[in-house]
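In structure tokens, one chain follows: the form predicted on its own.
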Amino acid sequence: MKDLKHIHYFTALLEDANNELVRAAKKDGGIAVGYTCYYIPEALLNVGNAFSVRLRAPKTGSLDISQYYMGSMNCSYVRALLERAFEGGYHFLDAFFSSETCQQMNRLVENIYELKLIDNGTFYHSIIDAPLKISPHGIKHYTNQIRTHFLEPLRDQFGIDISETALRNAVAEHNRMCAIFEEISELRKADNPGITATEFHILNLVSYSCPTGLILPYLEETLVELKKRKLDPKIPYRARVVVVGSEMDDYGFTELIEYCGAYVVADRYCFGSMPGRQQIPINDDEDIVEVVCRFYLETNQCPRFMSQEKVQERRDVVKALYDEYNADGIIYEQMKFCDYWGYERAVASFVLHEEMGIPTVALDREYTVQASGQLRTRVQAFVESLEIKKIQKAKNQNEGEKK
């Protein structure tokens, strides 16, 4: 297929957290709000002239400084962010909003604040106490935290309009973007998809890494282009997989999977589109902050939720994606030293494979994966096993028809 018109521009935007569109928004008086987790309701951060930037550390090299402060037994995503902060990569941030989802992330925020790694005179940071289960009390507590720790400081510190009207406009813009990804995701259900898995990953990442209002026109133009795209006659993959797991903002991982002959039909991982790029149902009767906060909690699939109903829901969601997108197998990936996903990956991958009968492979990885020969070998072996299963299944069906 012909390259998408803006794909090279999108990859260039992903080369730096302080990318061209972020700089343009800042020049226009925008307030840059960094965040790192789905517990932080992105839709509410893009209110008024504030805009969200989900933090990444592209082109990560040595982690020597961050390992000195945090040790080597913390996940490399957190260490990479701290290393980039030492390098001065986040001076553009006006605020950093986080949640007490894991102690490793807490240590990152504490180090950035205590060591004064963001040289910005107006810099503000805050951490919320996120609930561990879904309940009326938990939703109320979470909503109150979002108001008092995030929205009200945006108003009081930076003069942002956080009125009901302004917040509803922000959610409407967020839903416009999500509608684009819902349409593009439908293309991935086809036997011969009109978008490569790597292209989808890149589009998804720029939507998180750039101001929504500035990236929207490019995404809308790309959607129109995808609908008219001329496809290659030959199906370009040997197997279809769902990727599930922890934080993933390196599209090199998806490139690696495609190189091995598999097509990622659905991405249920942190920084993925499921959840993250689904429209938020709103109404005219309820307070918009309550509606949005309830949606984020109820759709959150983080293994930090340890109630039995949420544990089962996570497995059911993965199984539903496997069925809906006609996948052949599931890749369960986990960042090394991620406490929550380490446990989840081990148990869930066993249940999916042994109890649900879904071909599943479990992988652990570092933050940057492109140069991992071992990872490539394991993915190749899994793809070959899926291909063999498909051949055997087709053979058995043919023999049954002959009889």
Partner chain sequence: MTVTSNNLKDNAKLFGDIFTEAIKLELANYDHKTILMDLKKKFEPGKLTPLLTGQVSIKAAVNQYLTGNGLQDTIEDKTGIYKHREWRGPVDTLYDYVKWLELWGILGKWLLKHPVTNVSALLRYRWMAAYLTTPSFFDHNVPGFRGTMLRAGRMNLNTIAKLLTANMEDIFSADLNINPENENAKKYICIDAYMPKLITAGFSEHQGILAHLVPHYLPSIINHHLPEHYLDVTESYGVPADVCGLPSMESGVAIEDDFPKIGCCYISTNMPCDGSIMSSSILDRRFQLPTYVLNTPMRHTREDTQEYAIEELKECIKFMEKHTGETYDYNLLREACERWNEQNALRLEKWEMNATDTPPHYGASNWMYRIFTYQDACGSQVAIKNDRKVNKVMRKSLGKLRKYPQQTRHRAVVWNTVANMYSALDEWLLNCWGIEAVFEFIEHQGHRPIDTATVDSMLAGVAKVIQEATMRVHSKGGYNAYTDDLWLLVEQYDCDMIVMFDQISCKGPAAITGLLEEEARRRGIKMVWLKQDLVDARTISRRDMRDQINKYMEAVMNETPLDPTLRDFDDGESW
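Residue numbers count along the first chain shown, from 1. Just so you know, these numbers come straight off a predicted model, no measurement behind them.
There is another form of this protein, the form predicted in complex with the partner chain, and it is not shown here; the text below is about that form.
So which of 124 to 132, 153 to 161, 228 to 236, 186 to 194 is the stretch with heavy atoms within 4.5 Å of the partner chain in the predicted complex?
Heavy-atom contact with the partner occurs in 124 to 132.
Could you work out which of 211, 303, 89, 276 is the residue within 4.5 angstroms of the partner chain in the predicted complex, going by heavy atoms?
The option sitting close enough to the partner is 303.
Would you mind picking the one in 168, 319, 140, 176 that has a heavy atom within 4.5 Å of the partner chain in the predicted complex?
Going through each option in turn, the one that passes is 140.
Heavy atom to heavy atom, is residue 114 within 4.5 Å of the partner chain in the predicted complex?
Residue 114: yes, in contact with the partner chain in the predicted complex.
At the 4.5 Å heavy atom threshold, is residue 71 in contact with the partner chain in the predicted complex?
Residue 71: yes, in contact with the partner chain in the predicted complex.
Contact of residue 299 with the partner chain in the predicted complex (heavy atom, 4.5 Å)
Residue 299: no contact with the partner chain in the predicted complex.
Mark residue 342 yes when one of its heavy atoms lies within 4.5 Å of a heavy atom of the partner chain in the predicted complex, and no otherwise.
Yes, contact at 4.5 Å.
Though the partner is not shown here, which residues of 93 to 116 have a heavy atom within 4.5 Å of the partner chain in the predicted complex?
The stretch touches the partner through 100, 101, 102, 103, 104, 106, 107, 110, 111, 114, 115.
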